[in-house]
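Below sits a lone chain in structure tokens, taken as the form predicted on its own.
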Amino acid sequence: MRDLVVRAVVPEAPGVVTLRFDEDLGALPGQFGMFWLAGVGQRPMSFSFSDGITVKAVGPVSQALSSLGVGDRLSVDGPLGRPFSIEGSSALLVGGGFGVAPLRFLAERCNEEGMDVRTLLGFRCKDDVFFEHELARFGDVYVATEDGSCGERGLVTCLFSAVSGTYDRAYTCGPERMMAAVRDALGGAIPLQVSLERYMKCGRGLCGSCEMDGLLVCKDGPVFDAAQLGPSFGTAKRDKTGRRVPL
């Protein structure tokens, strides 16, 4: 466990903030940390920067994290998990909702490797949009919203026609049904990596709470090749009791 100090807090959208820390954690895009606040609890969070995370206030831990100020302290176990594989000369990134956060870090590293990067972002409405301009630093960005208040009207897959062509790699992170739709839309034409989220207690493959079709999301992932994924992908997960429930 490593102790950290918050050195900057950046508002991104209503209920969404980025926390930058006093040290670079050496994280790779796609990895996560188990972030812990004394008296509150811990939560797995993907890295959006090598020295930072982006937090959406949802439950008690994420609400407490998003309320931190400059100089406040927290602890982390990590970086943990399997990162994205960055290969080739061109990349298509597809993000939905809060799943956009780890793709910012990925786009940055792909750009540093000299890759041509195009990013598709899907949100419910204009107020939910974040990292659009940040991601535009690394390549072309296209946005869709379900209500049409920003960019194209529709789901993120409606943007595929705008970026038709050949890519060496595709990456996706967001709601799991959305990612399953991305996999189906690509049809195996482009190697696809998927970043999954599951309930985690330990983050180190010991408790088994994140098991999915024989894989442990915390240890074998959270990034998987789409071909690795079994029938639970896009359809089912395990709740806090370990019971299999529909997504």
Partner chain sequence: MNVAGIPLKNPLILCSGVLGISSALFARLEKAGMGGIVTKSISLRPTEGYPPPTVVPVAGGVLNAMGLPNPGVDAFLEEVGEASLSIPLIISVFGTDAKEVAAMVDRVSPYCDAVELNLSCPHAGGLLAIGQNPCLVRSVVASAARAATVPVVAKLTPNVTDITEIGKAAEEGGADAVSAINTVRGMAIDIHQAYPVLSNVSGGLSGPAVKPIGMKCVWDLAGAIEIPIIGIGGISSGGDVVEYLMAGASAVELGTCLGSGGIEQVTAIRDGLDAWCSARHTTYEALSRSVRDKF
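Remember, predicted model here, so these are calculated numbers, not experimental data. Numbering follows the first chain given and starts at 1.
One more form of this protein should be noted, the form predicted in complex with its partner chain, which is absent from this view; the next part is about it.
- A heavy atom within 4.5 Å of its partner chain in the predicted bound form is found for exactly one of L206, V70, A189, A185: L206.
- The partner is absent here; in the predicted bound form, the one residue of L216, M179, I53, A27 having a heavy atom within 4.5 Å of its partner chain is L216.
- Across the proposed site, E211, D220 and R243 without exception bring a heavy atom within 4.5 Å of its partner chain in the predicted bound form.
- Its partner chain in the predicted bound form is not approached by A8, whose heavy atoms all lie more than 4.5 angstroms from it.
- Although the partner is absent from this view, A38 contacts its partner chain in the predicted bound form, with a non-hydrogen atom inside 4.5 angstroms.
- Its partner chain in the predicted bound form is approached by R238, whose closest heavy atom lies within 4.5 angstroms of it.
- The shortest heavy atom separation between Q193 and its partner chain in the predicted bound form exceeds 4.5 Å.
- Along 1 to 28, residues M1, D3 each place a heavy atom within 4.5 Å of its partner chain in the predicted bound form.
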